[in-house]
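Here we start with a single chain on its own, the form predicted on its own, put down as structure tokens.
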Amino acid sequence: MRQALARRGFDGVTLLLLPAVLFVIALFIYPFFYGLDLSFHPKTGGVGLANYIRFFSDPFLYDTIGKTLMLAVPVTLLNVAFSVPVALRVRLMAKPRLLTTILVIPITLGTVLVAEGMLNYFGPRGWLNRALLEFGLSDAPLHLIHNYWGVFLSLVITGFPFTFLLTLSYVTGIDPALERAGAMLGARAWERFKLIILPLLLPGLAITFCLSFVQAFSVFPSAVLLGAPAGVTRVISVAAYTAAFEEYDYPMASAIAMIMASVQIGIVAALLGAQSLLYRGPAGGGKG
């Protein structure tokens, strides 16, 4: 079979890429188009935009877009902004492996285990509230979970290591000779960061923001375990889950998933479009 394909013009590289292409089609492209087609076939019958009209005509449904953005955007901005000074500091360390290993622990634990740990630490009868009450620092337990801030903290804890590792890879790719040259010319630390490092780092930060935003926008377990899924943290993924597994309306769930994907693609496309206005040169892509 391989010889037959070779006679038809398929070289060795193409033959190696063919299974990967088929894998992507089977796991991503086909399910996407299947869900897109399903969204145009309402549960009540017929073909059309009934599911999308229902979504944007019901405030209980379309408000989930704003609630999800109110979680995803601030979390992503905080993680990206905080990752830059940490990455710059780690770059100067002689042995940064221990710190990076510690920061990666939340990724290995997963969202559910992190949420369980937060329930034990930040719950009404958790260790933090017990300590505050015991030492007289608070008259009543602090409400840090089952609200907006519980989900916010969970997304920061689970999302920061991912954002930090991406930022660290871009920071270490900047030629350190450029910063040394600025120091020799009399530029102070803040001036070197603002005029040299930041312009070279912005294209990488734009990509980091996109990846971190997509991760935060798809929040589901922490919104249910640590938030108020019927109220302030009723994110769009919760609406899709409700339609699919409580109402058994799979076409409506597919329509919500398509809307969710459209919002993410729109924001990512806007950021990547703005990225073309930033500096793109040899110093921004690696040392030397």
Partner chain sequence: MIRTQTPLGRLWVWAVWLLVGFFIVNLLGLIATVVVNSFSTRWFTTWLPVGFTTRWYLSAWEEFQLPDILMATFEVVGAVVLLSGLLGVPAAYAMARRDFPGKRFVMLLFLLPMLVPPITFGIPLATVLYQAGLAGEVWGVILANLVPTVPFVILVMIPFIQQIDPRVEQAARVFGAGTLRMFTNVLVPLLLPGILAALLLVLVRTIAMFELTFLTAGPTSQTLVVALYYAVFAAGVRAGQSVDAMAVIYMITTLAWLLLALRFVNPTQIVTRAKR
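Note that the structure is predicted; figures quoted are calculated from it, not measured. By rigid core we mean the largest C-alpha set that fits within 1.5 Å across both forms. Residue numbers count along the first chain shown, from 1.
One more form of this protein should be noted, the form predicted together with the partner chain, which is absent from this view; the next part is about it.
Using a 4.5 angstroms threshold between heavy atoms, residue 192 counts as touching the partner chain in the predicted complex. Mapping the unseen interface onto this chain, residue 275 falls outside it, with no heavy atom inside 4.5 Å of the partner chain in the predicted complex. Contact check for residue 269: no non-hydrogen atom falls within 4.5 Å of the partner chain in the predicted complex.
Taking non-hydrogen atoms only, residue 261 approaches the partner chain to within 4.5 angstroms in the predicted complex. Contact check for 49, 61 and 204: none of the three has a heavy atom within 4.5 Å of the partner chain in the predicted complex. With the partner omitted here, the residue from 117, 74, 199, 141 that has a non-hydrogen atom within 4.5 angstroms of the partner chain in the predicted complex is 117. Using a 4.5 Å cut-off on any heavy atom, the residues of 169 to 192 that reach the partner chain in the predicted complex are, in sequence order, 169, 179, 180, 183, 192. Relative to the superposed core, residue 85 undergoes a C-alpha shift smaller than 2 Å between the shown form and the other one. Core-superposed comparison between the shown form and the other one: the Cα of residue 136 travels 2 Å or more.
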